[in-house]
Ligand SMILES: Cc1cc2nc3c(=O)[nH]c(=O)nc-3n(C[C@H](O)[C@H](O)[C@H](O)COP(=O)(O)OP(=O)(O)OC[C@H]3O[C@@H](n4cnc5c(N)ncnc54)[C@H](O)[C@@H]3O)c2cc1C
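Just one chain is shown here, as structure tokens, and it is the form predicted alone.
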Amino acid sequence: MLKSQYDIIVVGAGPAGTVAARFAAMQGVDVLVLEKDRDVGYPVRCAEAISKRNVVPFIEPNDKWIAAKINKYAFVSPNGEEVVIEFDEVNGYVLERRIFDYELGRLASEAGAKIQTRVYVNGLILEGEKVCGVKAEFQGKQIEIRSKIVIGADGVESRVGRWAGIKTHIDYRDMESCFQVTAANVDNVDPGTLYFYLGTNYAPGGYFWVFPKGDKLANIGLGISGGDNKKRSALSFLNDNMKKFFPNASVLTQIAGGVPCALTLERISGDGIMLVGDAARQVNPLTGGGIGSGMIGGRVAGEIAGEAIRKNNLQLLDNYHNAWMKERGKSHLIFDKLKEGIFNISDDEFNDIIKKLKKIPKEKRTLGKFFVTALAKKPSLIVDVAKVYVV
């Protein structure tokens, strides 16, 4: 049964939410996680790829939730030329998110957090501007649960944040419109390679991806800019790409949605409130990847929230924004500038970039060299590349 009061309530049981709950609960405070869906990790709303370096600080890699181990990236130009960047060891994973999210939830529970699914949070308990808990529907009844801190991990345009007076609205121009299928009978895909197709013929203002998930199985999708989506839908581009590259594939699942490719919100905490993950815009603005950065944001928020409870000093929540910026937010500023540089490149320029990269010996190709080559006409961005990549 749910109690009437906890130290911390986390709304949303995605990776950011359960990691926040775990790192708070590890400090001996009373934490409750509320999830509106019936299962933790369901439905899956992402491409499921993540770098290894973003996984190992939070969970020991395990084959039961790893669909593919990645050691190569392939970039495909508008004219169909391909260049491969290969790593000496496993660089990333394609996850089975349902199992991965379950495991993160289990770790949070073992740390002392309580998780409850099928609880629909529909408001906050407010005393003036201070957040003092949540209102929710549970088992057919309207309930109120008080807490000293509420952590909103409830996704893009967070309702929890909005109820607390934080501006969470995002302009459509800062959203990628995405559509993805999980497809079977996918031919000519290396099981250790992530494929990125660049160009307006594949995905204007974004990219088309193919992420392997085992024997002839893959997540295949794309994201296009909000402005381009008004002219032609992401689904129509995906359908064309599927017909061209995978005409014999069967579609097992399909998902659609928006991915925020914007900078972190100016305000991600307040009196009794914190936001993490997509709710705080902690997504990599260049790639749209949010699992790893969401977990990092969750850890930072959970540690600060736990400390604030232990020391009975909620003013410590004011430290959250600066702590996030130091941990990951500053690199997101750089990625945002790189995004503007990359996605303004013409198809002819992409063709030339891939051609130049193919002339570099395989053992000397790096992601840093990819960006340096792509941004050669924008020298002011080369310094930024050096800050986030080993060139």
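All residue numbers refer to positions in the sequence shown, first residue = 1. For clarity, every value in this text was computed on a predicted model and none was experimentally measured.
Separately, the form predicted in complex with this ligand exists; it is not shown, and the next lines address it.
Shown here without its partner, the chain carries L34, D37 and C178, all of which come within 4.5 Å of this ligand in the model of the complex through at least one heavy atom. Residue-level contacts in the model of the complex: of I85, V121, V186, L286, one residue has a heavy atom within 4.5 Å of this ligand, and it is V121. For the options K330, K358, R45, K69, the residue carrying a heavy atom within 4.5 angstroms of this ligand in the model of the complex is R45. Segments offered: 252-260, 73-81, 234-242, 315-323. Contacting this ligand in the model of the complex at heavy atom distances within 4.5 Å is 252-260.
With a 4.5 Å cutoff on heavy atoms, G155 counts as touching this ligand in the model of the complex. Contact between A16 and this ligand in the model of the complex is found at the 4.5 Å heavy atom cutoff. At the 4.5 Å threshold, heavy atoms of M274 stay clear of this ligand in the model of the complex, well away from it. Among residues of the shown chain, K213 is not one whose heavy atoms approach this ligand to within 4.5 Å in the model of the complex. Taking this ligand as it sits in the model of the complex, the stretch 77-97 comes within 4.5 angstroms of it through a non-hydrogen atom at just one residue, R97.
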